[in-house]
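There is one chain below, alone, in structure tokens, taken in the form predicted on its own.
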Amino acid sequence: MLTKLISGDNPRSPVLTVILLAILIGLAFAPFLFPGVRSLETAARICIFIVLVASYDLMLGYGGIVSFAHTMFFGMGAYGVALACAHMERGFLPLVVGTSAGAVVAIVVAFFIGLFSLRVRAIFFAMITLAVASAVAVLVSQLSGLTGGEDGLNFLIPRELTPAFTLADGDLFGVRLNGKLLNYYLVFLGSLGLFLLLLRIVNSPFGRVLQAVRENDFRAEAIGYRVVYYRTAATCISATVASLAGSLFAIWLRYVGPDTTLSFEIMIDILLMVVIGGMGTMYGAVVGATLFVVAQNYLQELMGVAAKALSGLPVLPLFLDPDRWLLWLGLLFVLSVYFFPSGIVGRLRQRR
């Protein structure tokens, strides 16, 4: 049953199996294992970024397509929900309408970008996607009357998904049963469903052809596969899943803005997560996103504790100053690339 659920794509490493199970259990029971607003925020962000990174890896790791427009599709889903909630009566209908509209727009844009750009060389396609994504980000910032501009949009989601809504009286293991908990499990189950869908796609005949195109597109074309069609389909699927991840992100935050959904910094983060976890494997997205988001949220605090503990020593506390956390994050990334050139998941699978 479990093998069928993961489409026969077993971790193929005992250590990786333990890591993936630990992440799954940690996310599934995060509200009870790690009570607190910040830890719940981190867990929800991990869920969403796992899907976002996995959808990007479908293009980069499986299709060999380098794109810098992934945050654009992420933003389309987020702004779809935000605009629908801002202009429609409060309830679940705006969430459905906004999510669907964002996904449709993402498919259409991805289709035209793919159809007209994937015939060119990879570097030119990357430049085209970068230009389109930059144009959309500027457009969103300038249309302040509709999108809120640089300030973004705050909007109302159904009351059943907010902390003001009470599911039941009393607590469960010390956790209040309110709408925030319901919202978290909407994000968790939505992300889990999308991830399993991606896992099914990459292990289907379509996914195999995509890998063949990545390895040698000329040979794939020679044996009868229309390479452009497969790459365009991969781009559309990837964009749709990224858009749905953006919708979940907007529902969770109840806010969208250019910095939270469309910025190039998020695109760099996605690339780092893919490289750290390992390209060409969906499980790399799980490991990479989890490590990166946890480091982003807690590395600064850990450095503060370490600097305080070593305050009696010379020089060392200066290097562990919490303000230098980005330096250490960059160093961790360099070390991970050096010791795990095929990503953490790739290295673990090689050692089985």
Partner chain sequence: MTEIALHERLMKYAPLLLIPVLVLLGFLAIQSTSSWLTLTVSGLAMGMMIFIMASGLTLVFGLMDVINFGHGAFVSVGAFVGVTILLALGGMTGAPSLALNLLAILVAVIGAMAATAAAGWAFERVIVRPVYGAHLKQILVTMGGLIIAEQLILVIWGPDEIFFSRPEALKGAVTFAGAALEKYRLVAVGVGLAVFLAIRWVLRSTKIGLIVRAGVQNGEMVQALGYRLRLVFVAVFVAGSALAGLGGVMWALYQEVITAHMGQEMMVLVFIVVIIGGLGSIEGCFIGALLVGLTQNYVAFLEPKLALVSNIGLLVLILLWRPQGMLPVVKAK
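Computed from a prediction, not measured in an experiment: that's the story for all the values here. Rigid core (definition): largest C-alpha set, two forms, superposition within 1.5 Å. Numbering follows the first chain given and starts at 1.
The protein also exists as the form predicted in complex with the partner chain; that form is not presented, and the subsequent description refers to it.
- Contact annotation: the partner chain lies within 4.5 Å of heavy atoms from the stretch 63-71 in the model of the complex, the single such stretch among 39-47, 280-288, 63-71, 25-33.
- In the model of the complex, none of the heavy atoms of residue 154 sits within 4.5 Å of a heavy atom of the partner chain.
- Within this chain, residue 298 is remote from the site of the partner chain in the model of the complex, having no heavy atom within 4.5 Å.
- Interface membership of residue 138, defined by any non-hydrogen atom within 4.5 Å of the partner chain in the model of the complex, is confirmed.
- Interface residue remark: residue 313 is not counted as part of the site for the partner chain in the model of the complex, having no heavy atom within 4.5 Å.
- Looking at the partner chain in the model of the complex, residues 173, 193 and 349 place no heavy atom within 4.5 Å of it.
- The partner is absent here, but in the model of the complex a heavy atom of 264, alone among 225, 112, 264, 255, sits within 4.5 Å of the partner chain.
- Just one of 178, 100, 203, 142 comes within 4.5 Å of the partner chain in the model of the complex, counting any heavy atom, and that one is 142.
- Within 4.5 angstroms of the partner chain in the model of the complex, the stretch 264-303 places a non-hydrogen atom from each of 264, 265, 268, 271, 272, 275, 279, taken in sequence order.
- With the core held fixed, the Cα of residue 40 is displaced between the shown form and the other one by less than 2 Å.
- Relative to the superposed rigid core, residue 18 undergoes a CA displacement smaller than 2 Å between the shown form and the other one.
- Relative to this form, in the model of the complex the C-alpha atoms of residue 331 and residue 127 approach one another by 3 angstroms or more.
- Closer approach of the C-alpha atoms of residue 336 and residue 61, by 3 angstroms or more, is seen in the model of the complex than in the present form.
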